[in-house]
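This document opens with one chain alone, in structure tokens, the form predicted on its own.
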């Protein structure tokens, strides 16, 4: 049963673009694509967050990933096939510059969170300052390849189903990375480091190396999510892809769903995006800030009553439910 449910869910996701969803089919597909993209980013953040490495600057990696590929294409015609590895390399370099001094000198806890927050704001201000390249606070639009409905070189497609399957594949790859970390020695080492760095180092665990490893992995997945977002939306602005605002959005979605479970970030992301879209469609601009208010109230309730997150908490309650006793089997009498 446990193996059948994931397979059924995967088949539903694969068949989703062809399901009879009515007149709103394209809009629903658009929302699901956004959920998959942001779920990749949330899963990337949970790789660090679940081990006590609370980052409030993941918007920096997201912005670097998105802007690198878009600017390389707009100004030099470098296709995303080449721009994506360069974007990932830039995000990893940023993570290395941030992480090595912090981990080497044991900047932990809220001090580490403040350092990452500052990094996100620096990247946002840098994007705004370099307006000749990035468009500043007005944003930048991905240059149209102008080659019809399909352009494999530029990764531009008029059919949203193509982006849907690309996003689905990247999301599944992110889940596989999460599962690999969860079942590897890295998890045990990072849990020991999170409990007591000094004790972990005393038994031979290379603290700095393991922290850098998980940070680089998280930055890589986040940058890939940024690249995918830029290619799909085709419009970038620093308010959406850098700074404290987007970083807190990522953190909230993961905490809401549960950072300690495989699908927790996806569930949290789906709930936040679905709520924002519903309020936007139902009320327009009449209740600006209503989504953020609901987010805050939900976060308070989740932290108080379900500290493992919505998905993680409900899963724990399901596992702890009383199970019916098996019917007693009558003893077999010898013939």
Partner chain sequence: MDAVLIAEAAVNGILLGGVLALLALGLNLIFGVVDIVWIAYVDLVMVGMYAVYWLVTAYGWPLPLAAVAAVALVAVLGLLVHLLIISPILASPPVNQLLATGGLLFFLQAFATFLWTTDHRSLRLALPVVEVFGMYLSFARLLAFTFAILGMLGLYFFLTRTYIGTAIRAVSQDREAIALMGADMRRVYLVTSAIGGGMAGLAGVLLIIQYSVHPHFGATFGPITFIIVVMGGLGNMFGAVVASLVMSEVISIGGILASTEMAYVVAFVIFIVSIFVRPEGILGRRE
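Keep in mind that what you see is a predicted model, and the values were worked out from it rather than measured. Residue numbers count along the first chain shown, from 1.
We do not show the form predicted together with its partner chain, though everything after this point is about it.
S.K.: Among 112-120, 261-269, 215-223, 83-91, which stretch has residues whose heavy atoms lie within 4.5 Å of its partner chain in the predicted bound form?
M.R.: Heavy-atom contact with the partner occurs in 112-120.
S.K.: Is it the case that 35, 166 and 319 all touch its partner chain in the predicted bound form, with a non-hydrogen atom of each within 4.5 angstroms?
M.R.: Zero of three within 4.5 Å in the predicted bound form.
S.K.: Please identify the residue among 251, 170, 177, 71 with any heavy atom within 4.5 Å of its partner chain in the predicted bound form.
M.R.: If I apply the 4.5 Å criterion carefully, the residue I get is 251.
S.K.: With the partner left out here, check for me: in the predicted bound form, does some heavy atom of residue 76 sit within 4.5 Å of its partner chain?
M.R.: Contact with its partner chain, no.
S.K.: Would you please decide whether residue 152 lies within 4.5 angstroms of its partner chain in the predicted bound form, comparing each non-hydrogen atom pair?
M.R.: Output for residue 152 is no: heavy atoms all beyond 4.5 Å of its partner chain.
S.K.: Under a 4.5 Å heavy atom criterion, is residue 56 part of the interface with its partner chain in the predicted bound form?
M.R.: Close contact exists here: in the predicted bound form, residue 56 approaches its partner chain to within 4.5 Å, heavy atoms only.
S.K.: I'd like to check something about residue 275: if you look in the predicted bound form, is any of its heavy atoms closer than or equal to 4.5 Å to a heavy atom of its partner chain?
M.R.: Heavy-atom contact with its partner chain at 4.5 Å: absent for residue 275.
S.K.: Residue by residue through 297-315, which ones have a non-hydrogen atom no more than 4.5 angstroms from its partner chain in the predicted bound form?
M.R.: Counting only heavy atoms within 4.5 Å of its partner chain in the predicted bound form, the contacting residues of 297-315 are 297, 299, 300, 303, 304, 307.
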